[in-house]
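The chain below stands alone and is given as structure tokens, in the form predicted on its own.
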Amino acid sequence: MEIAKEAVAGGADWIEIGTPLIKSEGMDAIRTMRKAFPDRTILADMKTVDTGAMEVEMASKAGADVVIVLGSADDSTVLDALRSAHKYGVRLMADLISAPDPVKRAVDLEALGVDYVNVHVGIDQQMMGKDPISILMEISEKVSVQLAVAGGLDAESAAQAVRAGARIVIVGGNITRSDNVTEAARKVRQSVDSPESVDVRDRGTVDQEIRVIFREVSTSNISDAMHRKGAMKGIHPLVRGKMVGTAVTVQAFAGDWAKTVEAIDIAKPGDVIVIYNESKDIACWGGLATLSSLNKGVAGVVIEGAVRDIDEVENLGLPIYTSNTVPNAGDPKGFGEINAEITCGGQAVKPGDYIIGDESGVVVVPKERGYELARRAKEVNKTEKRLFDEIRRGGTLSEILELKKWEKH
């Protein structure tokens, strides 16, 4: 309710009752919003796939103005939902989320007579790098029905959506999870009203975008996005500083620092050297290796083992995470491997995996899931910002999260 009030203050025209909220609270969610916002269009995202007439009737009697049916539902379901919508005086929107051929289905849905077609890329699909704008551009050339668009939109992509032919722009997390909902909504409102005035940023390569996102979020956000996994055990910041990069791995033996130093020659700018050394009582890294790494543009070093020359290392400023410090070093015998899969801090690390470090510690993100987990971590970060805002307003964490309501019984 509070989010809806703040979003309306920022210029939102419609209020969507999302599917998770409907599943949690039922038709009462629609009734409550209808009562509170009598002059706003209420959209009920029922995602109906069967019993079209019944679910449209339920939503309309609860106060919805627009009801969503899944675009991939059978034609008979869509037609029955349409009959019910006409009977109860509401409009029907068909949602193309996960439709195997969204362009063809949009043409079919227009022929069936729906009021709107929603070009929607779901949250899980967004995490894999899909966005709705390119699909919207293609569909807008094929149909004349009013088009809505949804899926990870912000102020910038909202402007792109309007330019691509959208009449309705549906924005979720970038407003509802903001720590300033009204301002976030206002920015989208401005973009929708004046799309030509919005500059579209070049996001660069996928790797560059992944690194940018990982710099914006914490290791705690990333671990949460990985369902509490990915965190190294027993590895702590020695030289503090945010570290983001791709792994160059080293497997070495007790105190043998030959391979750890040779890895510096292999590392590229932006890489993180990740070392498993057999002993925590003999150093395999020190001040000279740190300076050499800085010269190569290495982003940081992670060592399950020991570091020495702490005063020199701290003055140089390269982020280093380790499990111990000692004054004594071993000898460069040359045993071990570079860029083989290793275990460091209890986590499997492969060459090229993303390594992120901050004040809380180090997490490992498999390279094949880098973009997905960066995006999921960003969503976690948005949620936390919203929670901080609600706590500042006087709520307690357990109240805001409704912990007692959702405890297992």
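This is a predicted model, so every value here is computed, not measured. Numbers for residues come from their place in the sequence shown, where the first is 1.
Beyond what is shown, the protein has a form predicted together with a small molecule; the following relates to that form.
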Subject >> R215, V239 and G300 all contacting the small molecule in the predicted complex, non-hydrogen atom within 4.5 Å >> reply: no
**OP:** Select, from the options 340-348, 32-40, 356-364, 45-53, the stretch whose residues sit within 4.5 angstroms of the small molecule in the predicted complex by heavy atom distance.
**Re:** 45-53
Subject >> The single option of V200, A111, I123, I266 touching the small molecule in the predicted complex, heavy atom within 4.5 Å >> reply: I123
Subject >> in the predicted complex, the one of G287, G165, G173, P332 near the small molecule [non-hydrogen atom within 4.5 angstroms] >> reply: G173
**OP:** Answer yes if any heavy atom of G151 is within 4.5 Å of a heavy atom of the small molecule in the predicted complex; otherwise answer no.
**Re:** yes
Original post:
Is there any non-hydrogen atom of L147 lying within 4.5 Å of the small molecule in the predicted complex?
Top reply: no
Original post:
Taking the shortest heavy atom distance, is P20 within 4.5 Å of the small molecule in the predicted complex?
Top reply: yes
Original post:
Is the gap between I97 and the small molecule in the predicted complex 4.5 Å or less for some heavy atom pair?
Top reply: yes
